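Below, in structure tokens: the form predicted alone, a single chain.
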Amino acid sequence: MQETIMHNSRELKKEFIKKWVQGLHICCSSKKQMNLLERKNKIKLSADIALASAKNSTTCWSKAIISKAEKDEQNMILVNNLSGSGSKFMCAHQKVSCHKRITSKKILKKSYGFRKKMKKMEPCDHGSNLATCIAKRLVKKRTQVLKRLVPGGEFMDEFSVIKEALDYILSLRVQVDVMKNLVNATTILN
């Protein structure tokens, strides 16, 4: 299994480098004069889209990154060139209609205050022990944090979030390794 992870990591690095360089060329040709902040944002955007498209949109986090980038009209050229045709990037978790999602959020906000009051009054179920109750709350809080950190995580269940977070971490590690190697190569050349 370790060998397949290393092989997949090598393949992902190759695909990421290829797409990232292609994305950087597109970004540099789109606007000749960029200030430092614009350049940083273009590098980050092209790296994120390259990483997501290197995964061939097989994960929800990669689909979420590409969908978010597609929302800005200026990014469409970059998204279309790196990932192929866009607008088909939705997870099964994201197929909820927008109206239902907004209505659900309103209901949740209203019930949140009520739940908070109930928690203060009744810290745990009467039948469970305190350690189990605390452990469940910790797991719930940490999965909520993961849902905020993983792109598209707010639409996933707990199991999917953990699975996607693991894949996202491995992919970010690949991205960081490639960027470190690029920095090391440029410092050696200079």
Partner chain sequence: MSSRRSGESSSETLKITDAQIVQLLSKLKQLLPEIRNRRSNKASASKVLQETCNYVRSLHREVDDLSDRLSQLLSTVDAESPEASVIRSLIM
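Just so you know, these numbers come straight off a predicted model, no measurement behind them. Residue numbers count along the first chain shown, from 1.
This next part talks about the form predicted in complex with the partner chain, which is not shown.
Legend entry - Any non-hydrogen atom of residue 131 within 4.5 angstroms of the partner chain in the predicted complex: It does not: once the partner chain is placed as it appears in the predicted complex, residue 131 has no heavy atom within 4.5 Å of it.
Inset, instruction - Evaluate residue 180 for contact with the partner chain in the predicted complex, applying a 4.5 angstroms cut-off between non-hydrogen atoms, and reply yes or no. - result: Although the partner chain is absent here, residue 180 would touch it in the predicted complex, with heavy atoms inside 4.5 Å.
Inset, instruction - Decide whether residue 173 counts as a contact residue for the partner chain in the predicted complex under a heavy atom distance cut-off of 4.5 Å. - result: So residue 173 counts as contacting the partner chain.
Legend entry - the partner chain contact at residue 13 in the predicted complex, heavy atom, 4.5 Å: No, residue 13 is distant from the partner.
Inset, instruction - Sequence order please: the residues of 133 to 157 with a heavy atom within 4.5 Å of the partner chain in the predicted complex. - result: Heavy-atom contacts to the partner chain in the predicted complex: 138, 139, 142, 143, 145, 146, 149.
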